[in-house]
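The chain below stands alone and is given as structure tokens, in the form predicted alone.
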């Protein structure tokens, strides 16, 4: 694989060079694709800048607030969200000293024995996924032990009458809260729990997550769509609006990826039933291009024409599943959305091309799709597209302590927020767009929805 463990004096020289590149790139941003290796180094330099801001001002906490230069913990007590989420990015970019320091922090100080309620979905994709991928990259059994402990503490979430998980679970007591969930939160768990099951030899993790996915699928409408909200106790839909955006998005992603990683034929069968309905009822060809909007899950009637930063993952999933033509067309629309103001909005109305939600959260989805399309088409336009997106990302979001989201992507007013997924996903996909061939073999790994690469080693 791509693991380099040796720590030498050369590392410090490389780090210094990257820091110099970071300063230079901030002052002079090239407008063309440029040299691939140079751009890969620019990405590494900017990631290092963000990481060192976190180290300086928020070390061992969940996240950095980059404007106030203060730490933030999701639940009042740190679960080391950023260290766990970023560790495989550090390894991938071969920042060996930083990776070793972070791994020791996690292995020696992270504890899940906390009397706190956490979101099962977010903790699964960020922490469980991060621990598993970093274990596979390093072979450090302490990371697998932490993953198994976390998995055991999350299992009570699945103790609903339907087998679909409650939204919240207490890590110490196993008590649960909030039965109102959605397909993404009930169906985006099998990659992580399944990998944990395979690596520990304990079937319960696979069985619980697989049942949750199947139970979600079984409640699809007669035309094959799922809704936006479901009660996990009754199994009844509480919002019939269907789409590919947040709350549903990664449900579809995991149907295909669980087939890729585990060879699970049930997942392939569910994908083959689901995706034609998505393309039939949600896809929308307009004068502005191909988009995916909203429809009633029962009738297929159009209910909305919005598309946004979260929806921009779908071209990548289409490309990964073999529908490259549709992926290209939808990616063109996503890039059009980005170029409206030189940074993407959270949501637009694609009929009018007006911005509906003006925040920008450093989201990775458009970069992810650019990476997949480059991989499957070898078309240099996607490196050029990635270059444009990265230049804008640096120009508008860089701060002296890291990277900041935007409260308003039109005015470019910054927001005191640097979510861990910026380190886990956004920078990783930017890097892979320009990284040397062989850095990562996409034929041998499957990314979870937080961009943690999982390998089929069983």
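Positions refer to the first chain, counted from 1. These figures come from a predicted structure and were not determined experimentally.
Same protein, other form: the form predicted in complex with 1-deoxymannojirimycin (DMJ), not shown, and the subject of what follows.
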Query raised in the report: Which of 59-67, 418-426, 42-50, 392-400 has heavy atoms within 4.5 Å of 1-deoxymannojirimycin (DMJ) in the predicted bound form?
Result: 418-426
Query raised in the report: Can we say 122, 125 and 365 each have a non-hydrogen atom within 4.5 Å of 1-deoxymannojirimycin (DMJ) in the predicted bound form?
Result: yes
**Report entry** Position in contact with 1-deoxymannojirimycin (DMJ) when the complex is considered in the predicted bound form, options 337, 80, 270, 310, heavy atoms within 4.5 Å
**Finding:** 310
Query raised in the report: Of 136, 182, 331, 250, which one comes within 4.5 Å of 1-deoxymannojirimycin (DMJ) in the predicted bound form, counting heavy atoms only?
Result: 250
Report task. Within 4.5 Å of 1-deoxymannojirimycin (DMJ) in the predicted bound form, which residues of 426-458 have a heavy atom? Give them in sequence order, or say none. Result -> 449, 450
